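Heads up, the chain below is alone and in the form predicted alone; it's given as structure tokens.
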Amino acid sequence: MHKINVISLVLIVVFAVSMWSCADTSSKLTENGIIPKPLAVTDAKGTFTIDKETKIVISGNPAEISPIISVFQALLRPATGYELQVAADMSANSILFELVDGSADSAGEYDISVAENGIKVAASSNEGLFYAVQTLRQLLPASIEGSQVATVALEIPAGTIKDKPEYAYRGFMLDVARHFFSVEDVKHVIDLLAMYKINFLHLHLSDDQGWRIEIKSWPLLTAVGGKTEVGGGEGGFYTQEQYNELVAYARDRYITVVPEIDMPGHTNAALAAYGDLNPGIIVPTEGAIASEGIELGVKGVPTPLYSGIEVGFSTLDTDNDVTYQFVDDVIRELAAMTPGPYIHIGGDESHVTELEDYVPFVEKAQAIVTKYGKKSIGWDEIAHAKLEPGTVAQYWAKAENAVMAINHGNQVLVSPATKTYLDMQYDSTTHLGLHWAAYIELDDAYNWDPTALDPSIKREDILGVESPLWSETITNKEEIEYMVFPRFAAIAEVAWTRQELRSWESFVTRVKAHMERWEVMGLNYYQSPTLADETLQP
């Protein structure tokens, strides 16, 4: 009897082990960590493993698709050592990249089909193929983000992904005027934006504290206006060659640069360079950097440089022909360097510009932008003026301004300060940032709907969503990372994913997976207590 029991026990154990080994323990494609969340994901049986023998196949014009292939190859190389080769025909263990016909509104749309013997990626544009690569990246282990070869298998569960963006404009704004950031730091930001399918980078290039772009016809803008920053640091500026370099770097990642020259307010750096632009407005004592022979508030006299953070005290002389020659020259040179469709003309917080002066100025500035073949974007205050066709009002503060723009027949770019301003502190203990608009925790950045901000703002009125990072308190790359992540992942999903498909619970699960990636990447991200539940405990 004892022997029978032992034998029976052994058989039971063997049977259990056999059943366990036969069970499908692989993850499912629907259990992915993709941010932004795709339109639709379905599961199939099995997995596909990328190894050193995997081949890449192109269907379509090689000249168009090859840059995307290079991006994919470069993504895999550091952490795997793989040099995936391009083959002529599809076979087992292959990844097909295919350009297909699509409609005019399919920009960014892509399909991924994963089977046990290969992957098929299809899109109607290179932009869509690029986004598909970012999705494949997020389906691979977090080790793929590292710079050293790892031995983790590159397995992707079988199934299909169909995806397309909800909004055509998905943007991020970096303020390089309050504090200046190097070309390499901006490239780092561009790389992070590309991972989350962002397609517009808005550069805030001028403000009271600094002028950051070389304008050859007005050289003192950088020679004088670029000399300082908040706190009195040395400032800096981009040469036109450096700006072109940034534009090209962004373009290679399917990101369009939108340059902003803020006017008629936020202009003290320009007034310090050229007194002819100064109507004689008093500069605040705090933050004013006095220079010998310079008087405060005298019309036609350069103002002192400024390194404080107060706003609303400066304005261009709106009743001066020289001012409009200045605007024309600046826009002309910027437009020549900017292949994208937009020039941002600012227009916010111009508190000392009388409305009867502000309105004609904005209308003339728009006309200049149009003359050089571009469309204007401006902060929501510009809606007080007559807006030209195609001008976009950026809703940051007042819904009534956005509604005025819509009533003009124009679209709005949604950037509510209480949800999207990444310079706002997470809470009262955050050592960086301000809180004049709100404290913005991760759940605050995620749990909102652009179409629910005001009853008069409908889906068709919204061009897109943009998240600004103002830099009054931000001085370096690590501080940018801290304020941007994880909140930017949330806002990227607001901009890409349909409202009815989004849920906080799903996002929490996926953003935790991204924290592993950020660790591998060495990002200085904020560890939000909204994610601190039992699944994060040791």
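All residue numbers refer to positions in the sequence shown, first residue = 1. What you see is a predicted model; the values in this text were computed from it and never measured.
What follows is about the form predicted together with a small molecule, which we do not show.
The chain is drawn here without the small molecule; in the predicted complex, the stretch among 464-472, 444-452, 86-94, 68-76 whose residues come within 4.5 Å of it by any heavy atom is 464-472.
The small molecule is not shown here, and in the predicted complex it never comes within 4.5 Å of any heavy atom of Ala150. Put simply, Ala335 is far from the small molecule in the predicted complex: not one heavy atom of it is within 4.5 Å. For Ile144, no non-hydrogen atom is located within 4.5 Å of the small molecule in the predicted complex, even though that partner is not displayed. Within 4.5 Å of any heavy atom of the small molecule in the predicted complex lies no heavy atom of Asp317. Just one of Phe313, Tyr426, Tyr342, Tyr421 comes within 4.5 Å of the small molecule in the predicted complex, counting any heavy atom, and that one is Tyr421. Of the residues given (Arg170, Arg178, Lys374, Lys164), Arg178 alone sits with a heavy atom within 4.5 Å of the small molecule in the predicted complex.
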